[in-house]
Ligand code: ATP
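One chain is shown next in structure tokens, namely the form predicted alone.
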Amino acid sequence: MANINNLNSLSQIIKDEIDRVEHKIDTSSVGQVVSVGDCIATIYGLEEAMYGELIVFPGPSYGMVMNIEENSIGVALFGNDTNIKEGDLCQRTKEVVSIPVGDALLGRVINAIGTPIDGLGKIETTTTRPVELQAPQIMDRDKVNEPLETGIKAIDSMIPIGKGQRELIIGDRQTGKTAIAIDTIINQKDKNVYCVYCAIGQKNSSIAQIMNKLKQHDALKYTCIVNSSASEPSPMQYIAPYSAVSIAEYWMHQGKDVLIVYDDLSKHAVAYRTLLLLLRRSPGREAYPGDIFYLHSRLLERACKLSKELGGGSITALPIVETQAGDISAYIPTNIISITDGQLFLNTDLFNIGQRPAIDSNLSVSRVGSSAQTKIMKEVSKNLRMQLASYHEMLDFSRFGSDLDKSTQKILNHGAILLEVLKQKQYMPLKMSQEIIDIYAVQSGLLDDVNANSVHHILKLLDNAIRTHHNYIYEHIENDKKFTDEDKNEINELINTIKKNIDEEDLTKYGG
């Protein structure tokens, strides 16, 4: 009987001690790790957690709520998950995931959550912006009518890009997709356009090369690089483009023009698929989750041109997508084609025969069109696409016959010269005035009787002659937005003179 009384008194003591504990764990704000692996943590508790909310773990480590189920929460972890173990407590921050923004990011390389990874020290900014934000409403937008100059003749003449447009760059691996984007960034020097380059799933060595090239061309000072490399976990690759566009939106809402490159969204879709399969979500078509379209639409819709009442800033997006064996009818490419305002399709066959950039004029389109072109460029390039289409058609036809009439031969000669003029070396974007002169030179027909191998030599001599003795022609185009008949006659005379003296290198005789 004494033992029973002792046990009863002991249990009463324990109960009293439990009742005296004033602090109780609040499961609405604190949770416990049930399982962790592959940068995914399953949490018990966090009953009031919001989708996209930032969760803090011991360490500290951070994650974002991605799944909200009846008895658990799925959290995608940013960084290494080895420091987190089962039984650890985690806590709500009651804030969505945000990233530092501001001019301090220019010239810097950061990861997907805003931590500098370039070894240049801390980024001095106190302004942050949520990575997930609603895109501007239709009434808050203005029409796209101002050109964003890429410095690439084939694009600015046939597939123009406007400030606020979303132009997809699509093609197989190693066809020059990134080269077009980097040249466009380099060409924004002294044009008051800020640039954001977002690398998703790329090699760190490739990003280092891009950074060095931008630095060599003095383009890094107006560019921010957001890098989520192939070695980083899928949550970091998933969040990278949203972080990048939040950085760009900060400048857009200040009335600035911004160019953003997503390189590439194919790898972004794969990272999202990996992430959600680990979260046990049901796979859909080609094992991609059912909301894969919404994934990219809510990202790309944030690129636009704001109305004048909201400052008139813009974000021009150049998403990159990789195809397999030229198949643009695959799931992810067709999704993004339907979201964007046009696409630049890079043809592998053109690339292999030396046509760089390898832009396929038949499959490439800009839905903004000539409204994003200057009046002069519109005038000199109005028949380019038709001429290239006729050339390719006649080229196929000529393979079946040996005797060609004069009109067919003329189309073939002009098309071959035109393709030669549209060739351009990487990291050498041109000013709009030089592009217009080159396009006019080939459209005038004065180059049709020269050897294709001599075309670029003649254009270089023409450029030197204009800069040396007729620089007012460039000034008319750049400053006055005019290309007069007198200017055209001067160009014609210079071309004829150069053709007669093609072997001469003394440029003073072309001065007139």
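A residue's number is simply how far along the shown sequence it sits, counting from 1. If you're wondering where the values come from, they're calculated on a predicted model, not measured in any experiment.
Only in words, not in the display: the form predicted together with this ligand, which the text now covers.
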query: With this ligand left out of view, which of Glu146, Asp172, Glu132, Asp140 would have a heavy atom within 4.5 Å of it in the predicted complex?
result: Asp172
field: Candidate from Asn413, Gln387, Gln426, Thr125 lying within 4.5 Å of this ligand in the predicted complex - any heavy atom
entry: Gln426
field: Which of 172-180, 273-281, 434-442, 367-375 sits within 4.5 Å of this ligand in the predicted complex, heavy atom basis
entry: 172-180
message: Given that this ligand is not shown alongside this chain, does Arg108 nevertheless sit within 4.5 Å of it in the predicted complex, heavy atom to heavy atom?
response: no
message: Taking any heavy atom pair closer than or equal to 4.5 Å as contact, tell me whether Glu322 reaches this ligand in the predicted complex.
response: yes
- prompt: Looking at the partner-bound form in the predicted complex, is Arg356 within 4.5 Å of this ligand by any heavy atom?
  reply: yes
query: Would Phe351 show up as a contact with this ligand in the predicted complex if we use heavy atoms at 4.5 Å?
result: yes
